[in-house]
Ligand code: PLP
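Here's a solo chain for you in structure tokens, the form predicted alone.
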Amino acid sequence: MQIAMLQDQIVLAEELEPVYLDRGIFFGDGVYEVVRSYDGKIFGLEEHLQRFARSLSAINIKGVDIESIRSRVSRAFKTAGISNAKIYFHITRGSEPRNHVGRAESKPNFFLTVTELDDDSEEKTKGIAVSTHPDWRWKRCDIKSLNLLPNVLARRDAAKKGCAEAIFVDRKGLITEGAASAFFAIFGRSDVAENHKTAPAGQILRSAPLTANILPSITRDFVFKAGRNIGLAVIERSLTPEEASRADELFITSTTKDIVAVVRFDDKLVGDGKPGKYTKLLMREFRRKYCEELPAV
């Protein structure tokens, strides 16, 4: 026999709803995705589903039909009728009594929410402050797993400092990414460090290369394309906090916010403390090129 307690109520474990025995709760044993819509059309759905499939494969959750996930996302989005929406969905390995290994025949659980997305116009026009934080995460951040406690703690620390995002710094002293974003810097050619002598003339858009400790951001790829469209040279090379503090411009990207300028980095103003010229150009190019003519779902 096994009993369980829900708040102050004691029940037999066998009477529990399966949701209380979800391996996602016990172990964070699952993966997730977040997509968004612009004016009634979902952005980057194919790319997000491909990444979702890679995450499922990486943690060996089987029996998930990606086409059925696409159908569920589309149906939920249409039912919600929200023009600018955030669509969150995850899959866990299933529900069963707590056991690290679990049963091989467990049926994966699916969960999805659709929420109205309110783009913060003040963040877009004025930019945000960020603070650095030690990167305490596990070594496979390329998997979009449900294990987000280090991200939560970092964001809470940033909020206490009056910052909108935490920027992770690894044991080597290199910036990896934001707690919920990708991180970018823009340098003028004359400001680039000595080891960039081979870089082309003009402004340089720089971000860390993709490795196992960085999530392959979907928005990141589109930002690189937008950067090249407006004449920026793209360099994938890690930054130190000291280098970032000397950048002409900084910004973060995420699915729900696309591009947001960083105007304060660890209590130091970036540039003149306002969103920079190239960041604003990137915002316009990103929206014009990749968001205004999205295909219907």
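Because the structure is predicted, anything quoted here is derived from the model rather than measured. Throughout, we count residues from 1 along the sequence that is shown.
Below, we turn to the form predicted together with pyridoxal-5'-phosphate, even though it does not appear here.
With the partner omitted from this view, the residue of Thr92, Thr219, Ser207, Gln203 that lies near pyridoxal-5'-phosphate in the model of the complex is Thr219 [heavy atom within 4.5 Å]. Proximity to pyridoxal-5'-phosphate in the model of the complex, taken as a non-hydrogen atom within 4.5 angstroms, holds for one residue of Cys163, Ala154, Ile87, Ala182, which is Ala182. Just one listed stretch, out of 246-254, 58-66, 23-31, 225-233, contacts pyridoxal-5'-phosphate in the model of the complex at the 4.5 Å heavy atom level, and that stretch is 246-254.
Within 4.5 Å of some heavy atom of pyridoxal-5'-phosphate in the model of the complex lies at least one heavy atom of Arg137. Contact annotation for Leu215: at least one heavy atom lies within 4.5 Å of pyridoxal-5'-phosphate in the model of the complex. Though the partner is left out of this view, Arg70 does not reach within 4.5 Å of pyridoxal-5'-phosphate in the model of the complex, counting heavy atoms only. pyridoxal-5'-phosphate is not drawn, but in the model of the complex it has a heavy atom within 4.5 Å of Lys144.
Along 45-82, residues His48, Arg51 each place a heavy atom within 4.5 Å of pyridoxal-5'-phosphate in the model of the complex.
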